[in-house]
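Just the one chain here, the form predicted on its own, laid out as structure tokens.
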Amino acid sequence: MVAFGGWEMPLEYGPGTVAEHLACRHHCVVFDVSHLGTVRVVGEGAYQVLQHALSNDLAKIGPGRAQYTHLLDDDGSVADDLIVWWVAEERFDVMPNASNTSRALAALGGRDVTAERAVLAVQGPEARAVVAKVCPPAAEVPRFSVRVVDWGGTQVVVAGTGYTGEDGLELAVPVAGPGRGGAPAPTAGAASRPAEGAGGPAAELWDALLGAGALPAGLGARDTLRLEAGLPLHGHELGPGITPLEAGLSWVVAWDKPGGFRGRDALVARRHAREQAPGRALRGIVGEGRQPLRSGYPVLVGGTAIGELTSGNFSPVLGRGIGMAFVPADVAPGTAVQVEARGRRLAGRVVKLPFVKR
């Protein structure tokens, strides 16, 4: 167990990070991601509040769908990346990163309901088959769709979303109230441990998923999986001074959305500037050996530093060290680089993200 974003999180379980990672790529795992925030925005004006605050366009979807989007600062940099679950006509469950829940709450209003539910992410090519053994209606929720399903009298919000590059589902289940067996639920606290304690729907759903064949997976595998999939992490590939344009995520910006959005004017200016001088872009770096690459390691071409790694680790699928870095936009895939790792220079090359495709 490790401290993470104000929560106590499982880093790995018995099999270890590599085994959990490969289980997700080939079979099915379940993560406890209750540390993610949930800001619930409801009522007649909820849609307009989110439209004005967030970069993407909710008009592209509708109730029963989910959308990846950004909350920008006034200078156009990414204050947080989050997913909106449009649960019902006038109900939106906005899912920010753990440490940014208060920031999302200040920008969007609504109510912080994080402590009222646990979120279990079932991921991998066999995820739907495993969930079908436990709750058949949940397994039928399509990718980036959202439904409320009944699980033995407990209302579970299910979204076809995840953070691994694999197919899967995220299930938000109440931590309050009796479980399916009638035992009292554990109280909602700051520890991310839905399976701990006696009874309660969150604990029972966790146990049921393990009984159906899912392997528990921790924070270590979650990071290596998202890295292989080329998915950004706030505080690394997104954050102060980093715009969606540099991160290769301009597709989440609805430039012509009626009424605009926070940070739009600054982002338009950044876009015009990039047309004159492309600046930097996010790229993948693959090492030639197995040594893990780490955040902060400089990336060099011909002995000259051109950037530094924002994230890095060992890829269990590729069997090599991998990382992401902001480098000049004209550095093309295939370019040979060196990564300076504590006095050693490791050979590598630039690649197009993601490192591993489903």
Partner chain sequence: MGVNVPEDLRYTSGHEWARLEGGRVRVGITDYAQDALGDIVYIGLPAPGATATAGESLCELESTKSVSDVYAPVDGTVVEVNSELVDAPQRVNEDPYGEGWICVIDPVSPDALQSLLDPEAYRGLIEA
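It should be emphasised that the depicted structure is a prediction, and the values quoted were computed from it without experimental measurement. Positions refer to the first chain, counted from 1.
Below, we refer to the form predicted together with the partner chain, which is not included among the displayed structures.
- Although the partner is absent here, residue 292 lies within 4.5 Å of the partner chain in the predicted complex, judged by heavy atoms.
- Heavy atoms of residue 347 never reach within 4.5 Å of the partner chain in the predicted complex, leaving it off the interface.
- When contacts are judged by a 4.5 Å heavy atom cut-off, residue 340 does not count as touching the partner chain in the predicted complex.
- Among residues of the shown chain, residue 314 is one whose heavy atoms approach the partner chain to within 4.5 Å in the predicted complex.
- Of the candidate stretches 322 to 330, 65 to 73, 42 to 50, 292 to 300, only 292 to 300 has residues whose heavy atoms lie within 4.5 Å of the partner chain in the predicted complex.
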